[in-house]
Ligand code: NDP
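Have a look below at one chain only, the form predicted alone, in structure tokens format.
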């Protein structure tokens, strides 16, 4: 099992959900954390909490992963003590809407494509060369069951997560011959801000997504990521599909009556 003490871990989308849960579990293990997200205040609150609990070193990176030049600048200008990233967790991502494709909202499409695909590509492009030169590293990409199975109204979001799956496979092939590992974590229903974001802040509609069943939590997913990262160095967990017991596919769920 790999010890994470003093390993430098960069987490995108760290201000909420799975990103925050990852930050907590890795802080507990004594890793050095680079926390990236658009919401600087949320990042600072998280950093303060983790410092109080674990006394870990944290570097904050207020960053929109959709902005390639900002990503390039942020990575290239990291302080020397933070520049040798050991683990990259490409967690930043979102879904917008459940419209039929021919009725879709183009700005929603752009936001999903720019965040889920291009943002992941930008981070990978600017972080992985350092891993190759140092001969160590691990890239963890957050995919989804949506990358394996399309569902009604999921069209573009499912397309972006299918891309994450293909990119993860391609990266693993491109890194063959190096010790760098690549993992895709593909969850089913996880109760985070995901549905709130999808429905543009319609909290009541978001709550209905998880009614009558017990979804995964962000901590459940972070625990699986932790498992993958801490395996023996010769072991690569290529892909993990995890779902709650109450879910059997992207569209098949068991909801208990609320009566």
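Numbering follows the first chain given and starts at 1. Treat the numbers as computed from the prediction; the structure is a model and nothing was measured.
The discussion below concerns the form predicted in complex with the ligand, not included here.
- Mapping the unseen interface onto this chain, residue 97 falls outside it, with no heavy atom inside 4.5 Å of the ligand in the predicted bound form.
- The closest heavy atom approach of residue 124 to the ligand in the predicted bound form falls outside 4.5 Å.
- Among residues of the shown chain, residue 115 is one whose heavy atoms approach the ligand to within 4.5 Å in the predicted bound form.
- Shown alone here, residue 138 lies farther than 4.5 Å from the ligand in the predicted bound form, counting heavy atoms only.
- Comparing 230-238, 32-40, 45-53, 200-208 against the ligand in the predicted bound form, the single stretch with non-hydrogen atoms within 4.5 angstroms of it is 32-40.
- Using a 4.5 angstroms heavy atom cutoff to the ligand in the predicted bound form, none of 7, 28 and 83 count as contacting.
- Taking 167, 74, 131, 92 one by one, only a single residue has any non-hydrogen atom within 4.5 Å of the ligand in the predicted bound form, and it is 92.
- Contacts between stretch 170-194 and the ligand, counted in the predicted bound form as any heavy atom lying within 4.5 Å, involve 187, 188, 189, 190, 192, 193, 194, listed in sequence order.
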